[in-house]
Every structure is written in structure tokens, then in C-alpha cells.
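Given next, in C-alpha cells, is a single chain: the form predicted on its own.
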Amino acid sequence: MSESPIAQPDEESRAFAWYLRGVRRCFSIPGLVLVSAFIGFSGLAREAGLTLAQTVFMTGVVWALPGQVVLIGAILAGNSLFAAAFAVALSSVRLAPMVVAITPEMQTPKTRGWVLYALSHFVAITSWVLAMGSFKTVPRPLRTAYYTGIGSTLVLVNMGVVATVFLVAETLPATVNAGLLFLTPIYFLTSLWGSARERAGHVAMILGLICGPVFHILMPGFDLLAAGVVAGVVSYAWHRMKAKNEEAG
């Protein structure tokens, strides 16, 4: 991808070379973990009654796994199209800070606006971590090409993974299918644990794991909301108390 109005052959070759470096960057531990999560998502979509075309289309258009899981949940709950779209939009709000952080890292005076808008579609936890961790070694004018390689590869590879698993899931034993479904929550749990910057995030996750089953018994239907509110409030209070003690000490 070139950023100048009339790209020269040498510039195009350099951009393509950095695009390929972005492609290679995806073949890493985070990339493999993401693939494992989409294996689980494919099993979830199949069990939810979606077709192969719907599942692959959802992967390419919605992108970011939490939004796709939310959409399947809305479908299973029988929500309207507007309610489902609103739920997916809310789940994607958390990506806005990532877009705000990564855009200045790629932007130059010659960068076209539509390029940045298009690349924002690829912003998710894995692509963001891979790009931000290696941008310091990438020339700024070529970072859009590099990120295009990362984002497009992650999307296309996982669309292929979803399609393949969807087709072979029927032939797999029930225990293997159950294991595939379990990969998605494991991915979220490990990713959130590793990306948490404050100890309060770990406290909130542990409390949520404890409160979830309890509220599932006490308040079925509102268990996730109640567990999230209680765990979040308690961890925030713990964080403030800890900071206050450190200032006093």
C-alpha cells in the first residue's frame, strides 16, 4: 500500500516487502492462540444453528471475537436486528482506545484518511499487540503497509479456519466438539489476564469467576450482570484503598 499520490516502483516494492513482514508477524504465539479461539467460535456458531456462509461472513465483517459471540448470543435470545446491532456496537466500544492509540503511530502528512479508516477495521487485541510491539522497528511511512499485512492475514486465516472447522465439526467426537467450545472462554480469560495493567483487573477477574456460579443460582438471567457489577465495584474499592494506603505509607 502506498501513501503518496503517485507511488514510485521502488516505494511500491518497499511497501510490499513490509506488507509481507506484517504477514510473517502473524505466525507467532498470539496468532496461534487467536486461531485456537476461532476454532472454538466455529463450534459455537455451528451449535447455535448458523450456516457456514453466515459464520464465515460474520468473521470477516464483524471481526473481533467478543462482538461475534455477542451477536450469536443475541440471535439465540431472539433479539431484533436493531438490538443485536446495538449490542455488537457496545461490545466494540472497548476497541476505540486502541484505534486512538494506533492511528497516530501510522499516520504521516501524506497518509490518506480512507487508508486509516479501512485499517481501523482490523483493530482487535491480537493485531493491536502485534503491531504496537514492533512499530518501533518499522519506518513510519511504511507502517500502514505493515499493519495491512497483519490485519488482513489474521482476518483471512481465521475465516479459513472457521470454514474448515465448521465443515469437519460434524465428523468429530462429541468430546472434541465440547473441547472446541471451551477454547473460546479460555482465550478470553488468558488474554484479559495477560493484558491487565493493574492488579485490580486480576482481582476483578477472580471475583467474577467466583461470583458467576453463585449468582447463576441466586439470580438466573441476571447472573452475568450481577457478577460483573459486584466484582467490578469490589475490585475498584480494593484498588482505591490500596492506593490510599500506599500514599499514607
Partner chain sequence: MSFDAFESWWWPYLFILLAGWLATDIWRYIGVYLGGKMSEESDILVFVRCIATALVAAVIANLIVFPSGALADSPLELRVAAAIAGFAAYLFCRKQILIGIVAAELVLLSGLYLLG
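Positions refer to the first chain, counted from 1. Throughout, rigid core stands for the largest set of C-alpha atoms superposing within 1.5 Å between the two forms. Small disclaimer: the values here were computed from a predicted structure and weren't measured.
What comes next is about the form predicted together with its partner chain, which is not displayed.
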query	finding
Touches its partner chain in the model of the complex: F38 (any heavy atom, 4.5 Å)	no
is_contact(C26, its partner chain) in the model of the complex, heavy atom dist at most 4.5 Å	no
Contact flag, P97 vs its partner chain in the model of the complex, heavy atom cut 4.5 Å	yes
Its partner chain contact at P220 in the model of the complex, heavy atom, 4.5 Å	no
Heavy atom of each of G78, S92 and H216 within 4.5 Å of its partner chain in the model of the complex	yes
Selected contact from T171, T137, T175, T164, since only one has a non-hydrogen atom within 4.5 angstroms of its partner chain in the model of the complex	T175
Partner contacts for 37 to 65, taking its partner chain in the model of the complex and a 4.5 Å heavy atom cut-off	L44, E47, L50, T51, A53, Q54, F57, M58, V61, V62, W63, A64
Residue shift check between the shown form and the other one, rigid core fit, V229 Cα at least 2 Å	yes
Rigid core superposed: C26 CA moves 2 Å or more between the shown form and the other one	no
